[in-house]
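Presented below, as structure tokens, is a lone chain in the form predicted on its own.
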Amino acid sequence: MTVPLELSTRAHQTEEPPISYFIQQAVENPNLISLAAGLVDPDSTPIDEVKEALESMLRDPQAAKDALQYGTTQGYGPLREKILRHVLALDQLSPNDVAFSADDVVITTGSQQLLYLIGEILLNPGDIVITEAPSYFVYHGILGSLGIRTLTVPMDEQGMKTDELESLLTRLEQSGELARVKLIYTVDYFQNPTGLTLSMPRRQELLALVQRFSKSQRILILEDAAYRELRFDGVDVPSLKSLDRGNEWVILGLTFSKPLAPGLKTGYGILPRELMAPLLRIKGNHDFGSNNFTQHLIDRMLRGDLYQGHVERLRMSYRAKRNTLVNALAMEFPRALSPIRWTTPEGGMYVWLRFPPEIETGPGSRFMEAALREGVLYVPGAFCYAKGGPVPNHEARLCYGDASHDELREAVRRLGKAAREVLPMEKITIRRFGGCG
């Protein structure tokens, strides 16, 4: 008789990530065009730049020895200094303008580790985190594994609707639950999944709201700015962290995965000072520090123009791919009046597609099955909504990062064919939209 194995509560609370099925479909079906996984443009990976930095590092015996040794839990000091200057430069600030320094920077194994570590040091089962709706579904998985209650606020073309957030916080205060609210999470640049950006007025309102409703304890903003450096259109807006000059209210998370290369698996955060010591204690239990060799390599790339030159080329590549995808949508569905709409992002990697309610897009739906038969894959929009709230089932996330231009055009043609299998052609015309409202 086999003796049963007892798993932890957290193991039982941690569900299989929804994207796993779709990645498996893409791997197993070579004829499938995947617009699902958020993979970067393979033709823009910085092979030459990494090679130059690597050879430079290895030619220096002491530098090579340092890179191949253990690092610190917080991360390589010179890289943390460069990261601070880099982040401040994005907001046109100097170190004298803010109350945070390189001592408040931590380097992590991708931004995903930062999200998890923040949950471990701040959240207890039953606590409340507020996110956008829709939002980054992988973060919802983290919250679920920690036993966190996730509440959501809808979006429009300016990002999270702060008037709706105020109403939610007011209701929680009236019900005596405000003390359980610990974090408000936002992907505020070219959001995953919608491609939308939080406007400047909304940024100011969001910061004012957390300050106003922080009564028995401080409510923090977790600013996931993973796509910030991928702007290719429009005017930049300051980070939420730049509005938090005293380093009290905003945790900023960024990554080198999207603007540089995901294989380097290096992210970083800038934290209110009180959080650093507990975070490092838990991170020390995880790994004693993220990959030291990679940190020294990135430090080399930030010394000159290797990094910035690559980012500029990447922006041009993504602008062209964005244009190809939205132009293909307009070509495939040319009629002027239509219930089908999509975002046209000013950066990042995602377009959010909304069908009429008759076209359900979730797993097992007629449209999903037709799309798989035609050989195209997308992320069902329902995955991007937290459990317990309204979950629309007629939306889809399309990623233009990995596919070639020809594949993007063919993928849209296949989506159109799948849609026509579900609804008559006269109901499947299309028009563009600027937001999710």
Ligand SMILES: Cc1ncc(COP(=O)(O)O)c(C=O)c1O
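For clarity, every value in this text was computed on a predicted model and none was experimentally measured. Start at 1 and count along the sequence shown; that's the residue number.
Quick note: we don't show the form predicted together with the named molecule, though the next part is all about it.
Since only the chain is shown here, I'm wondering whether Y227 would be in contact with the named molecule in the model of the complex (any heavy atom pair within 4.5 Å). Y227 belongs to the contact set for the named molecule.
Any non-hydrogen atom of K258 within 4.5 angstroms of the named molecule in the model of the complex: Within the cut-off, so yes.
Going by a heavy atom distance of 4.5 Å, is G110 a contact of the named molecule in the model of the complex? Heavy-atom contact with the named molecule at 4.5 Å: present for G110.
In the model of the complex, V98 touching the named molecule (heavy atom, 4.5 Å): Contact check for V98: no, nothing within 4.5 Å of the named molecule in the model of the complex.
Using a 4.5 Å heavy atom cut-off, which residue among F232, Y116, Y307, Y136 comes into contact with the named molecule in the model of the complex? When the named molecule is considered in the model of the complex, the option within 4.5 Å is Y136.
Sole residue of R322, R341, K265, R202 within 4.5 Å of the named molecule in the model of the complex, by heavy atom: For this set of options, the contacting one is K265.
Heavy atom contact within 4.5 Å of the named molecule in the model of the complex, the stretch among 232 to 240, 126 to 134, 185 to 193, 76 to 84: Stretch with heavy atoms near the partner: 185 to 193.
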